[in-house]
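One chain comes next, on its own, written out as structure tokens in the form predicted on its own.
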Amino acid sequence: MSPQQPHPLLFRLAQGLLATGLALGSARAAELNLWVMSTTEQQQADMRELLKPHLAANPALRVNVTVLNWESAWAKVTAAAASGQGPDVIELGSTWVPAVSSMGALESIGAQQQRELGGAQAFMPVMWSTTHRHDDPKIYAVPWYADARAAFYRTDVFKKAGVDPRDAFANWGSFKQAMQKINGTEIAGKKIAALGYPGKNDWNVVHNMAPWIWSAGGDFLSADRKRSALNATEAVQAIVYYTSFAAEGLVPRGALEKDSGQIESGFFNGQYAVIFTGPWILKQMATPKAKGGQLETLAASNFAIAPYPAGLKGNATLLSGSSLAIMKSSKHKAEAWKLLSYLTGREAQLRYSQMSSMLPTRLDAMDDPQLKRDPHVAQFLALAKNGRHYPSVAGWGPLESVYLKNLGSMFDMVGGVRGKYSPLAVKQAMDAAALEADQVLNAAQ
């Protein structure tokens, strides 16, 4: 044995250490962190089920799932983006992608990767438009699931009040008349309010008003996306119309102190004849109470879905949802891309739709016959075609906070806490809100 040749024992030891090192390296490379929002009743368990096929096909892979609550997720996501200490794959609300990508925190999705998914034409166009800023052609996320909003109404209440739902939801005028006729109808000895919606304590205030503003021909930003349009005539008309239901007692004052989840519970409990919400409550109304659902309630046995009543410019709905993105800080981008590709693929989207009642974003999944077999889901899929989304601007996050605060304050006005409610007072409040919003937009440009 020459001095240059290693001793056989040392050679085997070195081989063993090298193999161990590779194994450790491989293990590290095959461990991903995934952040998702709490969308189903048992998100961790559902994600384990959803990931099973991918993990079976990639036995060396481990995926650590962290579930975030929507209410606090924005702060955690932006903190991760700023620090570079985030997960490998992250779920982002459809309004968040422009802001987080502007922070330089997201890996762009290349042309070849987009082709692997079928390209933009494989997804709902509105949802694909949320994957990048309007002034940046680079794609930073892939749409995962979507939701539209619609009216859920009690068929038994409408029947007892002698109101034809087709007439009631035809337009703004007929809807107001229907709510006036229905308000106070007794079901099982209990009076039911015509309409339920939350007030300023809900983080959905902007989402709740958006369909009405669009249906009136209004919008949130000017056409060049540089100024607020919340004080434009059409937007103000919509805000006055929407808040008038509370001002006229067709929405109980108590409802204005609640959030969206509490309003949905009120619908299940027979407090409201109509609420506007998304497909996620379908799952609850199809699940027995013993398993945390609402199947045995009167509401679950006597409900139907209708589109928003038409304003002067139609009956738009808010189409939003979530996308998945890869963070630049990921050390395992190849594995992260495979995971993202799997979750945004047709089969995984269909499976997740069954778990959550959310809508798939892929057109080939939306056409699935089994999905359309549920008539309520089929209705939402049809409504999604009229869906709109907010402008994809980098400053939307802080801008939405401004809108949330100012639109929420309208309910203080309705309650007499902040001045006297009137169309003129609403216009003046929206003028002030637009000025504040313009400052945010200028800072973001």
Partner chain sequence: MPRAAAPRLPRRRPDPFPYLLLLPALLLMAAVNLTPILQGFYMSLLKLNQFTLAQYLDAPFVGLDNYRRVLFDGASPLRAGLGLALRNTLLYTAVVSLSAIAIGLGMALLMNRDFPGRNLARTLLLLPWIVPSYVVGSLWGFMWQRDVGIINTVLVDWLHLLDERPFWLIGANSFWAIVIPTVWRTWPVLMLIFLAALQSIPEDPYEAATLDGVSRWQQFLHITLPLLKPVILIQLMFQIIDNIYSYNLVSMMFGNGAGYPGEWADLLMPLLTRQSFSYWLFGQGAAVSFVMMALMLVFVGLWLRAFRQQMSDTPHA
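Numbering follows the first chain given and starts at 1. Predicted model only: the values in this text are computed from it and were never measured.
Below: the form predicted together with the partner chain, not depicted.
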Is V417 one of the residues lying within 4.5 Å of the partner chain in the model of the complex, judged by heavy atom distances? yes
Check P53 for me: does it contact the partner chain in the model of the complex (non-hydrogen atoms, 4.5 angstroms)? no
Taking heavy atoms only, is R253 within 4.5 angstroms of the partner chain in the model of the complex? yes
In the model of the complex, does H332 come within 4.5 Å of the partner chain, counting heavy atoms only? no
Three-residue site Y153, P360 and D368 fully in contact with the partner chain in the model of the complex at 4.5 Å by heavy atom: no
Taking the partner chain in the model of the complex as the reference, which of E257, E116, D136, D374 has a non-hydrogen atom within 4.5 Å? E257
From the list Y241, W203, W280, Y342, which entry has a heavy atom within 4.5 Å of the partner chain in the model of the complex? W203
Using a 4.5 Å heavy atom cut-off, which of 379-387, 62-70, 33-41, 399-407 contacts the partner chain in the model of the complex? 399-407
